[in-house]
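Given as structure tokens, the chain that follows is alone and in the form predicted on its own.
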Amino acid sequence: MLKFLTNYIFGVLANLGEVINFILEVLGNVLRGKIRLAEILKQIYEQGLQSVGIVILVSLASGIVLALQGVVVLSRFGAKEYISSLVALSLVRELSPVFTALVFSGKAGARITAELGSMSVNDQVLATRTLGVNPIEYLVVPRMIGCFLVLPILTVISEVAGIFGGYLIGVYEANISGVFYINQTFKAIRFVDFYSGFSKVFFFSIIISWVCCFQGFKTKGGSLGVGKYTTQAVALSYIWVLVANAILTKIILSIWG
């Protein structure tokens, strides 16, 4: 039992060392200016434009459901005119950043891990080193920078789509004036509300790209291994995004309220 526990602890520490060394190598390449613009633009297209549709669909549905529930609950207190505030603040402060990060993990994050995992098991990463090209610089840095740039934009799109979904319910289900709904939405959202949610997204982007790239790089076991590590990467991304969200929410509320 003691031997098993000791081996487990050493295994965890060794893995932690690999994870930290991986991100330090990425940061080293970025700080030295080893950034391939063409590859970054390619990643922005693959991660961003190809994720817009599903982000809009999920956010629109979330806004609609949130507004429907708001109509039922707030109508009991004669306050259905506050539906716009409920939807806007819920999306901007919390739901859009988290939902977008989770959707992005399942869509773009899985793709990143599968791509790098396939390269790893087919020795393409090793071939890259043989050709004198640093695989971290060529394969990882563009994907992480692309994720860092794309996720905030997707979050803003998510917020707009969710608020529009709430608008549809507010106007056509709760019979609220469209002009009044929009005015109340803008009145409800202050800069601190937007910033408190938006600031989390940059941390989420680092977590997702870090986890998915690392899992892709350490993939082994052939095609079965690619599936295993891709699933593991998405699961870990979900877990760490939710944990980070809880911690960041506490810190942000402590500072800005």
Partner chain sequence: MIEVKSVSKSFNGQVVLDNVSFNIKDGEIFIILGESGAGKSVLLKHLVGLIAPDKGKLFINGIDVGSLSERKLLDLRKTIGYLFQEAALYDFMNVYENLAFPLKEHTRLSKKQISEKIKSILQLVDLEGVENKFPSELSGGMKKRVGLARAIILDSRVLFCDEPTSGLDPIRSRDISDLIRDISRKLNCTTVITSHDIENSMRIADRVMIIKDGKIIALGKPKELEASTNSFVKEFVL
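Predicted model only: the values in this text are computed from it and were never measured. Numbering follows the first chain given and starts at 1.
Another form, the form predicted together with the partner chain, is not on view; read the next lines as being about it.
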Is residue 175 part of the interface with the partner chain in the predicted complex - any heavy atom within 4.5 Å? no
Tell me, yes or no, whether residue 119 is in contact with the partner chain in the predicted complex, where a contact means a heavy atom of each within 4.5 Å. yes
Contact of residue 132 with the partner chain in the predicted complex (heavy atom, 4.5 Å): yes
Taking any heavy atom pair closer than or equal to 4.5 Å as contact, tell me whether residue 36 reaches the partner chain in the predicted complex. yes
Ok, 127, 182, 160, 79: which has a heavy atom sitting within 4.5 Å of the partner chain in the predicted complex? 127
Based on heavy atom distances of at most 4.5 Å to the partner chain in the predicted complex, which listed stretch, 132-140, 90-98, 152-160, 182-190, is the contact stretch? 132-140
In the predicted complex, residues of 21-35 near the partner chain [heavy atom within 4.5 Å]: 32
